[in-house]
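We begin with a single chain expressed as structure tokens, specifically the form predicted alone.
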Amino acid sequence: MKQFLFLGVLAVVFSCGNILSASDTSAKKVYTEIEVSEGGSIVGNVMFAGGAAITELNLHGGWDLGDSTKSLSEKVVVSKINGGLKSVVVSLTDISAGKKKVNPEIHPVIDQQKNSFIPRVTAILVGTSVDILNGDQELHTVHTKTTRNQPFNYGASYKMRITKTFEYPETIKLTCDVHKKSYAWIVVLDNPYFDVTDRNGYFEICDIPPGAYKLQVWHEELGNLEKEVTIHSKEITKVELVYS
């Protein structure tokens, strides 16, 4: 996974428009773990042609407070360098056999700082536990909206840690009932072939068995894109996808 420093915390980069349909399906998929010795890779970039800008949210309403109380909205974040789109979940949706599913020993972390969830988007494999923290010196809540995993709604005091395991694939919205504009996404996927675009829109998916697959792209505001890809043994397939 790629990691970046954002707003003073370590953000694990892993994104309402359309929900990720492949993740939300109720049909049980059969995925077989195999040894992948001569797999290929996908290296790509997700671009946005709309020229969107980052906007600021003043979460304290009409109070005359300093800039430190403001938070950046991450709904649509586009790189000024190359037009790449941040926080897009890219995954293979129709792969039936591949590398072993491994849940990380170190849990992904979602922190609440300056009344915002950081990172905005976290993508995980089914069975992964996530630590949700409160880094603010004020009360927050952690409220999930789910259809398959057990929903929860907890009050979270300063430095409180909530650990939850997500057993079923779906796209989950995470909100704070105290700060209505604060929310994040947890995208739970049923196979290990996924990534989330970095600040310049780049992603990489490795150790893919040779074959033809469907690459699905999801962004919370811009919806879904799909592209057919063919993977060759020990080769890198380069892909560019554009939201317009």
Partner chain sequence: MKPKVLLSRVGLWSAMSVTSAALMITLAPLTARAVSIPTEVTEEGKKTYSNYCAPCHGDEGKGDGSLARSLLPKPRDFTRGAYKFRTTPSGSLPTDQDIYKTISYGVPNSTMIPWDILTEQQRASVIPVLKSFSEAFEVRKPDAAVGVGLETRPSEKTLAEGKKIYEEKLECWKCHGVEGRGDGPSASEQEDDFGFPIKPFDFTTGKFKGGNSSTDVYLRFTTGLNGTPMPSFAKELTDEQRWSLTHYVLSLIKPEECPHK
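As the structure is a prediction and not an experimental result, all values here were calculated from the model. Residue numbers count along the first chain shown, from 1.
We do not show the form predicted together with the partner chain, though everything after this point is about it.
Peer 1: With the partner left out of view, is T147 within 4.5 angstroms of the partner chain in the predicted bound form by any non-hydrogen atom?
Peer 2: Residue-level check for T147: yes, a contact with the partner chain.
Peer 1: Indicate whether the partner chain has at least one heavy atom within 4.5 Å of a heavy atom of M160 in the predicted bound form.
Peer 2: Yes, M160 sits close enough to the partner chain in the predicted bound form that at least one of its heavy atoms falls within 4.5 Å.
Peer 1: Flag V126 as yes or no: does it have a non-hydrogen atom within 4.5 angstroms of any non-hydrogen atom of the partner chain in the predicted bound form?
Peer 2: Although the partner chain is absent here, V126 would stay clear of it in the predicted bound form, with no heavy atoms inside 4.5 Å.
Peer 1: Indicate whether the partner chain has at least one heavy atom within 4.5 Å of a heavy atom of T93 in the predicted bound form.
Peer 2: Contact with the partner chain, no.
Peer 1: Thinking of the partner chain in the predicted bound form, which stretch from 77 to 85, 100 to 108, 118 to 126, 135 to 143 has heavy atoms inside 4.5 Å of it?
Peer 2: Contact-bearing stretch, as computed: 135 to 143.
Peer 1: With the partner chain taken in the predicted bound form, which residues across 180 to 196 come within 4.5 angstroms through any non-hydrogen atom?
Peer 2: Only a single residue, K180, comes within 4.5 Å of the partner.
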